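Alright, two takes on the same chain below, each alone as structure tokens: structure 1 and structure 2.
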Structure 1
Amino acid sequence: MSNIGSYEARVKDFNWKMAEVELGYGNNGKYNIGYYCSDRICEMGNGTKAALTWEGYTGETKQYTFDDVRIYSNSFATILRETGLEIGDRICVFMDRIPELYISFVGILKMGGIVQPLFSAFGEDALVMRLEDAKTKAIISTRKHLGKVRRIRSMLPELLWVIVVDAGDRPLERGEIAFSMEQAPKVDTIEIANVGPETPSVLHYTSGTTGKPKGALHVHSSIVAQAITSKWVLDVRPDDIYWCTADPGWVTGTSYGIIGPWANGITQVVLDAGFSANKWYAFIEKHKVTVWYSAPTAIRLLMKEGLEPVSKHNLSTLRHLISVGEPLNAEAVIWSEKAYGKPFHDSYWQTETGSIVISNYPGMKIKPGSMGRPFPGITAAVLNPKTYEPIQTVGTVGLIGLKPGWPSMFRMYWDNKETYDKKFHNGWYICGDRSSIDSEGYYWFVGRDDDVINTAGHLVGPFEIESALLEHPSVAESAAVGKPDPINMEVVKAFIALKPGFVRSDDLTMDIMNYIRKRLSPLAMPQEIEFVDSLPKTRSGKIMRRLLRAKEWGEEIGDISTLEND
């Protein structure tokens, strides 16, 4: 029997108070996520249980118990306090998937800081944009990424400290602190910041169509939704070995790669290495993974490798498989059933929702290709894009809307109330995705309602790419759109009009691609560049990305006036 039991019965009975009671949230006036992810698990007698088994790319492994997480996160909280950082200060974690990333995340929350996770592959422009916006006070990082941080430091007057977790005795510059989690004096007890349920906790940047990336601000009570969805959707149980393949630079890697599993006292495993089917299967076999939360791009890569590597490994420990981030094709669900004897269960949510809002639940009939049904406690609908009224007709496509009020919903876009307000209409939060609902209440994803590019499950904003492209000496104007890709769903394609004096060439193409990879990230790098004489524009001069995109997807362009959305 799964944790959720009967979906229908849960929907009928559910209220968020029950989820609070289940977690003991607020007992003795305690609301801090950091406490619930470490101290509370130890208080319940599970201090010696493994919290994290980590494996690096060389195969080296390290293990940390919940008591280790408790103590080491105390050490992080202490050093942060000693530097003068306070409740509400933004503290960025900018590391590969090393143990310090997971444990400092808990430590920052314990001292009341707002954790700002940034993907370690981000380049200097991507970093500056997000650190400037958040007025980040400190960064926790490693030597590997210190060069990038040093090069942008002078542009960030608010940044007081850079804490380097692997500096050893190496010389550091002013404002940099060497701090080794394992060598620092052990701090058995600290005063955990006495935050309330509405105190900000995590700030995740996400891309939109226009403007800079936006910081979705979450609060400590988000844990109530993250814990219950981990239990009911991911179906985690006390003896599980849980593997979330997402990087904590993205929301899946924090909501379900740190908070959800640890709030439930679950052992999780982390592989800090690149992808290969054999490596992944060997990892599952070695660590006896039981619950696996991954993404369609990874599943498609595994499908490409076929059944042979599957047959070489013992994957019989796998009990429950879940996917997120992009549409999960029906073929992938059917293939996983053949390969692993278990279907992947699709789940849908966003940085802004903070936790899973629509999903296929264990024990419920899966319809391959459908995202499933709303989580109990979430009121969802598909809305008419003009009136924002729920569409009653089965199968009609509209905008996914959610009734505000669940605990993990973002509370604001950092310093950007205007954009935040635009996400709400007629009492609904508008996700920005299109879907239909069938006669049994299952949601069928159709596509995004904006120009954001979803590549391998990661959202990339065209504006950010276009702004960076304009900094390249050869580029006069540009447009970035998503083009279909059999593995990554979409990849970035850039249309570029060159400045006079520049000649189209393969060398220039490579140079521009590398420029974006370094300045932003490998994900944002255009996989294809098409040089054009000029770009299609609306009467008011706005570049018509949708026209370019439609061509890439072989879609009907139709009435161009509808594309001129300005």
Structure 2
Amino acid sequence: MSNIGSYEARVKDFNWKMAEVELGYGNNGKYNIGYYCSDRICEMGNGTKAALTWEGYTGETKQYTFDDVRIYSNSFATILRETGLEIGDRICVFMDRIPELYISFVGILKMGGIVQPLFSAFGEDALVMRLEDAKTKAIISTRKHLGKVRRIRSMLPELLWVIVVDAGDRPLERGEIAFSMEQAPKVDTIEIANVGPETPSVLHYTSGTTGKPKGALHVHSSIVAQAITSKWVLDVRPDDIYWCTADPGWVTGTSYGIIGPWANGITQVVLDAGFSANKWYAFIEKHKVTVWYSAPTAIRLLMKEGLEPVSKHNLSTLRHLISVGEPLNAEAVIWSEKAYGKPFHDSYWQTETGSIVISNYPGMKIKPGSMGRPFPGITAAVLNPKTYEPIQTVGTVGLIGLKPGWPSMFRMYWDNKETYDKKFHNGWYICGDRSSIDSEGYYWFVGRDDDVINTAGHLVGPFEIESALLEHPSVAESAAVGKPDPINMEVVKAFIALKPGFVRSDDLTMDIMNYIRKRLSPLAMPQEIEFVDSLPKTRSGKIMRRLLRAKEWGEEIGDISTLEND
């Protein structure tokens, strides 16, 4: 029996107050996320339970109990306070996926700071843009990234402190502090910042098609949604070993790589190493992972490696598989059943929503290729793009809209009210994605609002084309964008990376075109195919279609600081 039980019954009976009661949120006037992710778990008698098992690229492993997380996060909170930092100051975590990243996140929240997680692979320009915008007061980082930080210090007058967690005996410069989490004096108790439900907690930066990145600000009560969605969508249970493959520089890596699992007292594992099918499967086997939350791009890469690596490992501990970041192709759902004996469940949400808002739930019928149905407590609709009124017709494409009011919804774009206000129309938050709804209430993703291809007045979704392309035996990765056309306004252009053993040729191009024509429609058939070695992706695994589209339209590329290999 899954945690969510009957979806229909949950939708009928659910309200967010019930989720607060289940978490004990607000008991004794406590609202701080840091408390709920560490101290509360210890108070419940689970202090000796493993909270984090970490494995580095060399195979080195470390394990931390919830009591360790409590004490070490207290130490981080203490050093931050001793530097004079205060409630509401923005404090950046800029590290690889090492234990200090996860535990300092909790410590910043405990002292009342606003955590600003940034990808450790960001270059100097990307860093300056975000730190300057947020007026960040401190950075927690490592020697590996210290050179980058030093080169930009003069451009950031608000940046007072750089805390280096592995400085050792290395000389430091003015404003830099050496702090070893494990060697620092253990701090058993601190006064956890007395925050309210609406006190800011996490500031995540998200990139747009043009202009500078936007800082989506979340508050401490976001944990209410993150905890209950972890329980009902990720189906986490007390004895689970949970693996979220996302970097905390991405919202998935904080909402469901720190807050959600630890609020539920779940043991999670982290692999700080590059991707390979064998490496991932060996990690699952070694640590006996039961719940696995990953990205469609990673799943497609595993598909590319085939079933042979799967057969070399014992993956029998896997109980529940969930996907996030991009729509999950039907082919990937079917393949995962073949490979692992169970399907990946898609989940849909954004940086701005803070938690999962549409999903396929354990025990609920999966329709491969569908995002699923709205989470209980979330009012969703497909809206007319002109009137922002709900579309009543089954199968008609429109904009995904959500009624504001769920706990983890972002409260503002940092210092950018104008852009924030544009996200709301007619009482709905506009996600910026297009979808249709079928007769059973399942949502079917079509594409980003600015990704949808309008060819001869017909809207064609890139996701549908890409899913079909991936089913062609030669295609490893695919992306579809609109290309300007004097007659049809736009036509479809596909970018394709081939599987090993296939060679680019005119015959293969025609074969793929006709395959799509037959599978979908003449409108969906690519009028041009460009073979590439790989597709541009963000570090969180999303294919950056807008870069490909901008190239075809001669448009400004915009912010590319999250690009995998920029």
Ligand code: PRX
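Each residue is numbered by where it sits in the sequence of structure 1, with counting from 1. Between two forms, the rigid core is defined as the largest C-alpha subset superposing within 1.5 Å. Keep in mind that this is a model prediction, so the values were computed, not measured.
Structure 2, not structure 1, is the form predicted on its own. Considering the chain's movement between structure 1 and structure 2 as two rigid blocks, residue 242 travels independently of residue 508, in the other block. The smaller of the two rigid parts, set against the larger, turns by 132° between structure 1 and structure 2.
CA movement of residue 552 between structure 1 and structure 2 equals 5.7 Å, with the two forms superposed on the rigid core. Core superposition places the Cα of residue 473 42.5 Å apart between structure 1 and structure 2.
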